[in-house]
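The form predicted alone is given below as one chain in structure tokens.
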Amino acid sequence: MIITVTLNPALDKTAYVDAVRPRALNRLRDVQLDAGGKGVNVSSMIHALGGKSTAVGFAGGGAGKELLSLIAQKGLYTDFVHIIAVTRTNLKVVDNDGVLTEFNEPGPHINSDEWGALEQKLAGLAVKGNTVVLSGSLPAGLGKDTYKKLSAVLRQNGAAVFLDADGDAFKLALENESDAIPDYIKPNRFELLQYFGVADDDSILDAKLVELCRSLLEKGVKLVVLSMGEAGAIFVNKGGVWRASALPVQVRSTVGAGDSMIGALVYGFANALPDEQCFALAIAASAGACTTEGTNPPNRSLVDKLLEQTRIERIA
């Protein structure tokens, strides 16, 4: 079973403009409301591929009810904890060049009882053979070490953990003992270099990025997925290193592209696909997500079409 965890979900309002103009009136068009949050997006991609998952998280107030209604309309199974505070609403504005500008609210405050209810729920789902995806920002009331603690509990109970976070939440999770560290991680180039305190410039080549990824394997991580936007992605595990170029697609919105990549990967893991097939499926799903409006994942037929164009090169 795949469980996706979204601690800070949102109603995502996506709108389009010709160009974002600061200190001026921007008239929005084609406004679309979706159930958002990185874990929800991961579950949506899994569902689009024909797989199943359980989306877990917090939902509160009228916005929370609408969030759960929109998730249900997607055909996803959920097991959310209802909270007192109101679920946030985020605004994402996309211009004619596909450039995304986001305005994200901080999210609700989670009290100790609410957190305890979710922790207990996850402990019951953390069994051998299950994969738990921890992704996205942390709402108020939860410490920066939340993912570190969750990863330890989930791993010790037998579940595999896929972490997609940034900043301190990412850094602290990698400070666990090797048997409690996340199995899979997906930093982007900036997050990887930030973690190692390396300034980003054009002199940093793939060889250096691979070296840094391999050092994370020594901590106990089983797979590092380095997403690099238009430059593609690098996949590193103890079996080797693979490089994939980004696919040429008409970009409508990059919202959820990384989440679709994770959704395709864990779908591949759950179906025991070989590594290279998992990586190719992830690239195709991520590219497909860039062609859709709002936070909607690409459908299976589009992913299969893009899969025919995907090339995974083993480089080490």
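Keep in mind that this is a model prediction, so the values were computed, not measured. The first residue of the shown sequence is 1; numbering continues from there.
Omitted here: the form predicted in complex with a small molecule. The next part is about that form.
Listed stretches are 93 to 101, 228 to 236, 130 to 138, 202 to 210; the contact stretch with the small molecule in the predicted bound form is 228 to 236, by a heavy atom cutoff of 4.5 Å.
Checking 26, 32, 54, 254 for any heavy atom within 4.5 Å of the small molecule in the predicted bound form turns up a single hit: 254. This chain is displayed alone, yet in the predicted bound form one of 40, 265, 287, 46 has a heavy atom within 4.5 Å of the small molecule; that residue is 287.
The small molecule in the predicted bound form is approached by residue 246, whose closest heavy atom lies within 4.5 angstroms of it. Among residues of the shown chain, residue 64 is not one whose heavy atoms approach the small molecule to within 4.5 Å in the predicted bound form.
Heavy atoms of residue 156 never reach within 4.5 Å of the small molecule in the predicted bound form, leaving it off the interface. Although the partner is absent here, residue 258 lies within 4.5 Å of the small molecule in the predicted bound form, judged by heavy atoms.
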